[in-house]
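Quick setup: one chain, the form predicted alone, written in structure tokens, and binding and motion questions come after.
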Amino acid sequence: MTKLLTIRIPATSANLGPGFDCMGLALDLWNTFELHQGNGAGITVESHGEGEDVLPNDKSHLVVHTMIEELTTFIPFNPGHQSYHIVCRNEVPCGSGLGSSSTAVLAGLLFAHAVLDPHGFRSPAGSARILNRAFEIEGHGDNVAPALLGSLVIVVGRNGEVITHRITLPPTRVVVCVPRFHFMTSHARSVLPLHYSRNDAVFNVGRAMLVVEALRNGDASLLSRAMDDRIHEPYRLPAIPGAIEAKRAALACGALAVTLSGAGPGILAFAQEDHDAIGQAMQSAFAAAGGLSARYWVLDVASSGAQVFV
């Protein structure tokens, strides 16, 4: 087999409290994907690390599925007549609220466009195409945009176009605590109301702008006052056993601001110190109040997004 390219894609934390579906942060925890070309037929996949015991090893794997779907939109592609092997080395836990599925979607798209255009897929135009497709597949871009671009990204869709704004942050460190709890994204969406009041909408718009400014300027006081939400957390936190108590425990232990990571079940805490103590406090709260075991990571914001090595 011949290795064609390797891709590293960071974990992400979406929403960041009030920035529902339009704001996300890249984190220094990475999934690595290798694309190999062989001499036989078909596309195979193997996984190592997080999820290796549960992820499929056939074309239903999200990386393979995305790659095949993307290729067939451009060329007559029969996976039975092609030979590729994909190796996934995962550090991002599955179903955690840290964008594991978004790394797989991006990897599949990057692999497909590398096959279609080996020299142009990493150009600005190529990256824009990939981001647009990832937005279409995911339905929103708050995970895929920071995973592709790095740092803090604001992302919205407009008339079939994806508008992004990347913001470079000062050194920022967070704690992410993930309980062992299966919280499907479809269920996380289903618990949300269909309509919101004007007051709640205005509440979130104002606080989303303040969170961006607080993160951009490293303003701890502003971040601690601004990170609040009325769109998704009041409905999702109670659905995760121990999550409310874990959030309270992190704040009591000195965290500046605490929020769901994406749709959960992971909890994200911003802090300037005592990161391990905050992580341990959240672990204990999940165990005591929710009966759930949990793991935590202390992570820096990743200044770069997806990295491609040929």
Ligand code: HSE
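All of these numbers come straight from a predicted model, not from anything done at the bench. Start at 1 and count along the sequence shown; that's the residue number.
Omitted from view is the form predicted in complex with L-homoserine (HSE), to which the following refers.
Q) So in the predicted complex, does Val45 come within 4.5 Å of L-homoserine (HSE), heavy atom to heavy atom? A) Because no heavy atom of Val45 falls inside 4.5 Å of L-homoserine (HSE) in the predicted complex, the answer is no.
Q | Ala285: touches L-homoserine (HSE) in the predicted complex, heavy atom cutoff 4.5 angstroms | A | No, Ala285 sits far enough from L-homoserine (HSE) in the predicted complex that none of its heavy atoms falls within 4.5 Å.
**Q.** 4.5 Å heavy atom contact, Thr103 and L-homoserine (HSE) in the predicted complex
**A.** Flag for Thr103 set to no.
Q) Taking heavy atoms only, is Ile9 within 4.5 angstroms of L-homoserine (HSE) in the predicted complex? A) Because no heavy atom of Ile9 falls inside 4.5 Å of L-homoserine (HSE) in the predicted complex, the answer is no.
Q | Segment that reaches L-homoserine (HSE) in the predicted complex - one of 55-63, 277-285, 258-266, 25-33, heavy atoms within 4.5 Å | A | Selected stretch: 258-266.
Q: Let me know which residues along 179-198 have a heavy atom within 4.5 Å of L-homoserine (HSE) in the predicted complex, or say none if there are none.
A: Going through 179-198 in order - heavy atoms within 4.5 Å of L-homoserine (HSE) in the predicted complex - the hits are Thr185, Arg189.
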